[in-house]
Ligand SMILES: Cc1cc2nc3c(=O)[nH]c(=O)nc-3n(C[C@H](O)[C@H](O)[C@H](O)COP(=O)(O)OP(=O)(O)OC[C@H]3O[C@@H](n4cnc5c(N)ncnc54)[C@H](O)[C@@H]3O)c2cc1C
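A single chain comes next, written as structure tokens; it is the form predicted on its own.
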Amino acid sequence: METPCMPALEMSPAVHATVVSDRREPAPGIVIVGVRAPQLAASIRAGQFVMAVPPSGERVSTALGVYEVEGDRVSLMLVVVGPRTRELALLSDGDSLALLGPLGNGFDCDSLGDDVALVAGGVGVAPMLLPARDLVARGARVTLYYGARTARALVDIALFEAVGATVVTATDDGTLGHHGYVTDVLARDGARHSAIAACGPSPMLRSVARVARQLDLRAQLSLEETFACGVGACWGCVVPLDRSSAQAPKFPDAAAGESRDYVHARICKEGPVFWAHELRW
């Protein structure tokens, strides 16, 4: 069966002048910032991201996954790892924040079937709430396999349960759920699912791809990367992808005499979501 392409953008990204409406810190170093952004909220697809411009203007923008969308409110999840994210994490109600988006292709939820395994590692949980909500809304059964280093880093489990997902946890230190990798649980229990969608660190995503092959399941992987531009201009975030993939960028002139059966796709532009079996890791 032919693998469908991830959905293409239906509109061009725009710069949105937003205002912070709320802020919370569900775990140390993990911050969720809510903003009022009606046009952005109306155009976001599950799995897309934005580039956030720190208010001081002294630092370049940073990519953040869209976490929640409700009415005209959009929330972004970030982990504080450096000066850019630290500045964004200090935003409070009423502050202004410029966002470029929506960016990326997002998940193709219609291709995932009726019993979907969502897999999240750490803050890779950020783009998973919207597909969980959308899948449940169309009648699919959804299980979130959620892993982190320790129980304190597993955030908003109740929020996923509230949208109708079953949550299975794993921690490296054994403080909650399975003691070990979340992919171990997926390998043990995943055969009952129709497909997989995942986001997290590259080692985890590679493991998800291996498990998907073993279980003969298709998997959509949202790749994590540090984006310089976020719009595909700089070619600084590439991944090898099957040349035959519907997502592969086309270069007719350069393809003449080309013997490789793969091309380099931009994670920020052609992705960040790719079919696991089309990636050439």
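In this text, residue numbers run from 1 along the sequence as written. Worth saying up front: this structure is predicted, and the values here are computed from it rather than measured.
If you look for the form predicted together with this ligand, you will not find it shown, but the lines that follow are about it.
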Taking 4.5 angstroms as the cut-off for heavy atoms, does residue 78 touch this ligand in the predicted bound form? yes
Heavy atom of residue 35 within 4.5 Å of this ligand in the predicted bound form: no
Does this ligand come within 4.5 Å of any heavy atom of residue 212 in the predicted bound form? no
4.5 Å heavy atom contact, residue 62 and this ligand in the predicted bound form: yes
Want to guess which of 241-249, 35-43, 225-233, 212-220 is within 4.5 Å of this ligand in the predicted bound form, heavy atoms only? 225-233
Using a 4.5 Å cut on heavy atoms, which of 73, 84, 141, 178 is close to this ligand in the predicted bound form? 84
If the cut-off is 4.5 angstroms on heavy atoms, which of these, 116, 130, 123, 204, is the one near this ligand in the predicted bound form? 123
Need the contact residues for 174-191: heavy atom within 4.5 Å of this ligand in the predicted bound form, sequence order, or none if there are none. none
